[in-house]
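Okay, here we've got a single chain as structure tokens, the form predicted on its own, with questions on binding and movement later.
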């Protein structure tokens, strides 16, 4: 039995608590931002609106504070949105936390001063001096995990033994873990698949979408190698596995379908997805300054097109 702290009460952080509890761990969840989650969790029902279900009674909710972070946990899980990464990095650095960290958040961070693009683990290590970091990625829809549908994910750490130890803590009969040393490749794939799932969603037929899927995998492979990841990781759970799930049933592909019908991003967001977080859009705005300047555009025509569509709020035009 381990003592686990999950930072982030969104759909994924809350869903992740379920296999952790089922594996006989003590699990505490905290939320720095969402007033709705805090209000709901303080009620007897513990109803999670995004998951449309009650959370387990054994899941403890604690108000976010530095005192909480300082308590004796065996594992700290970061499940915040990309915008909260620097906030939690500063908090953990100020306290000198040495507890092992597991990052569920998907995304990349652009640093304007150096004009460089960092994965989240790189950001934590270089800017916030956090060392014991593992990442967890893969084809996992929060609602399906919360309902205990079979789910496979990949835990990555350059020290594969650390990744396997985490796997033992969180794995159940329905929550299966694989392992990788290719931290960079896993993070790159799991981030950019949000953009490519939008592109695939823009196909207005199965034929068109399958063509876009194939071309997306080629571009993902190129970008993974560009950022010093292993090409084979593109074919792993973090690559095509996660891409398939997102393209088949995620919010990114849903937004992509509206873009494919001729709506601009702002119009589609306001009219159809006002209260939905579209992670691919957040990532597009984050990485566009780097990708459009540094990467050969002939190698990533789909990525280039989508980035320009979002940052310039223009209609998407993709030739398949």
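Values in this document were obtained by computation on a predicted structure and should not be read as measured data. Positions refer to the first chain, counted from 1.
The same protein has a further form, the form predicted in complex with a small molecule, not shown here; the description that follows concerns it.
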Of the options 153, 247, 101, 183, which one has a non-hydrogen atom that comes within 4.5 Å of the small molecule in the predicted bound form?
153
Considering the small molecule in the predicted bound form, which of 223, 146, 133, 140 comes within 4.5 Å of it through any heavy atom?
140
Examine residue 258 and determine whether its closest non-hydrogen atom to the small molecule in the predicted bound form is within 4.5 angstroms.
no
Quick check on residue 306: any heavy atom within 4.5 Å of the small molecule in the predicted bound form?
no
Though only this chain appears here, would residue 123 touch the small molecule in the predicted bound form if you measure heavy atom gaps against 4.5 Å?
no
Does at least one non-hydrogen atom of residue 237 fall within 4.5 angstroms of the small molecule in the predicted bound form?
no
Establish, in the predicted bound form, whether 89, 91 and 128 all lie within 4.5 Å of the small molecule, using non-hydrogen atoms for the distance.
no
Which of 165-173, 102-110, 228-236, 202-210 has heavy atoms within 4.5 Å of the small molecule in the predicted bound form?
102-110
